[in-house]
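Next comes just one chain, in structure tokens: the form predicted alone.
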């Protein structure tokens, strides 16, 4: 087993699987899914009708929020998509926030968002076929005139691509900007205190004093606000495209 813990993506090559790479993105994603599954099981154990526990109250609140989110944007007939949209939202948020514990966030890898977008594209296509039939689906590419067919096909294909790149670009840019700010503050810290004479300058320049405060403010946006916002946008686009496909 070859291990590289410095580069991105980190990968482990397992010899007995003929060198199939298991990336850091894959490992972190499965860990997050396992944790979300475990929390879901824990929240839904021992449910009662009367005298509910605080744990059950939290679970019911989450379910109500998910129902309102999906039904208000898609309509009652799309209630079956509540688990799917909620799962995508939770996975996206916690994948992005995983950078807070020092691992590379799965959403910082384009393949993650592309996989989600492909699933959404399949659901969109399935909904169109179910609503209009194969003939109606193919005819839709010729609207308003048949000369538009190549452009309509490209538009259909690029729907998941645009969704994936939008989500990936915002998360990846946040990771890059945060890294650059950390590096700049470290250099500024050394330049600010390095001029002090003797051991005092050496000690103070080695302590990342400037890395306290500013990174925390940046983290509020790039790690917290951006994580929730990008998950929200991706889910909103998912619901919009699927509900529009049924018209």
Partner chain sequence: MGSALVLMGCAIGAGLALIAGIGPGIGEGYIAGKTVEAIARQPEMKGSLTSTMLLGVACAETTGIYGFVMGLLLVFVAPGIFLGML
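Numbering follows the first chain given and starts at 1. Since the structure is predicted, the reported quantities are computational estimates derived from the model, not experimental observations.
FYI, the form predicted in complex with the partner chain isn't displayed, but the following is about it.
Distance criterion of 4.5 Å from any heavy atom to the partner chain in the predicted complex singles out 168 from the list 78, 168, 104, 94. In the predicted complex, the partner chain lies within 4.5 Å of some heavy atom of residue 233.
Although the partner is absent here, residue 176 is a contact residue: one of its heavy atoms lies within 4.5 angstroms of the partner chain in the predicted complex. Proximity of residue 240 to the partner chain in the predicted complex: non-hydrogen atoms within 4.5 Å are present. The partner chain is not shown here, but in the predicted complex it comes within 4.5 Å of a heavy atom of residue 229. Stretch-level contact check against the partner chain in the predicted complex with heavy atoms at 4.5 Å: of 158-166, 78-86, 115-123, 96-104, the positive one is 158-166.
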